[in-house]
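Next up: a single chain in structure tokens, the form predicted alone.
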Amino acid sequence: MTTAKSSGSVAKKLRQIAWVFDLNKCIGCQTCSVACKVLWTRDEGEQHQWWMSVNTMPGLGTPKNWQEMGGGIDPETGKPRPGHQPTREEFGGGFDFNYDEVFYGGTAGKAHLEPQGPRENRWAMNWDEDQGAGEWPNSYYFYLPRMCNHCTNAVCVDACPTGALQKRPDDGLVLRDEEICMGDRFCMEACPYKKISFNYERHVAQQCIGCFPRIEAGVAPACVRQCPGRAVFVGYLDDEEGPVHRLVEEWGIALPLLAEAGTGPNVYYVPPLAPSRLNEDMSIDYDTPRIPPEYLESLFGPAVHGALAKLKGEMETVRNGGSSEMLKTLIAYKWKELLGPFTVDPAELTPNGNGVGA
């Protein structure tokens, strides 16, 4: 792989692949998570890794309380800012279950599958799925797909003491040479998104590789191509005709997560619209959304208010008989529009039809 520093003017000259997740279309089905896991985390020590995860928000996510673990770039020094290193328990999973009791113990349906060991502090990917926040009748939640952000100023690259992490100049993907990685794990501390896992069997850190073997063959990443809700776009940020550029740069309705960390993430989100709150008499308070605007601002920054206003404005235009190029793009009537330049069918690339990476 070609070496490129993650900070300063060098990284800003790289061509950059980016993702856009439309949170108004994500149904939390976990197809992207499972597609990624089945394809990429099948080797020793990867059983409990989820390079792609879909968290219920508000929620603690995975690793547990990841939003409170710090990291990012120190704005004064420009250097990696140490955070908390997620533990095995905070990532969760890896339970032993009472299979013998349930299947062979003659309990006649009286025993049910459950993790063994202490009940306190149990956690796993999506342990708090669909819990959300608020109180009836104004409870709320939404889904947030999370993966490596392949950041422009990738703090994990600067945090790595061996140079195992590098950012490719041709597409901006952050990749790791596992033969060089010595398991220092400072990258895990410095990543503000905590999307780097640790392989305890092989003593190396691992994360989403952007499906680069598929990208190199012209095939869209698995998380994009497998999404049944047409909620994920992929493409180059500098492709002015592509939906990613238009949603991020032209219309400004796709926003990064925790941009204040300073890493320049390249995974963007169209923020979720919310139904109006209900009053005690069950009348509708049209002026107050059920998802608190201040909560969305804590995730996507102050720009979230303008993005939501634009979405609502375009929706109103269409209701009044007008047309909206923005909404047509988000609806994605033609599914290949989601794939950017990566429209090759993976089944066509192997003689047996198993596809790239299968």
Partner chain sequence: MKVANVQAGHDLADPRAATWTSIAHESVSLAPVPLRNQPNEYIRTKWADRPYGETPSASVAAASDGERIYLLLEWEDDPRPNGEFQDGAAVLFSSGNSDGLATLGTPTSPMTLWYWEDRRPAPLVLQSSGPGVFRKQGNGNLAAQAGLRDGRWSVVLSGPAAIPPDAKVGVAVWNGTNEERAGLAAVSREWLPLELS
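Values in this document were obtained by computation on a predicted structure and should not be read as measured data. Positions refer to the first chain, counted from 1.
Omitted here: the form predicted in complex with the partner chain. The next part is about that form.
Put simply, R81 is close to the partner chain in the model of the complex: some heavy atom of it is within 4.5 Å. Taking the partner from the other structure, the partner chain in the model of the complex has a heavy atom within 4.5 Å of a heavy atom of I180. Among residues of the shown chain, C160 is one whose heavy atoms approach the partner chain to within 4.5 Å in the model of the complex. Among heavy atoms of R122, none comes within 4.5 Å of the partner chain in the model of the complex. Contact with the partner chain in the model of the complex, defined as any heavy atom within 4.5 Å, is confined among 282 to 290, 142 to 150, 212 to 220, 187 to 195 to 187 to 195.
When you look in the model of the complex, the only residue of T87, T107, S276, N98 with a non-hydrogen atom within 4.5 Å of the partner chain is T87.
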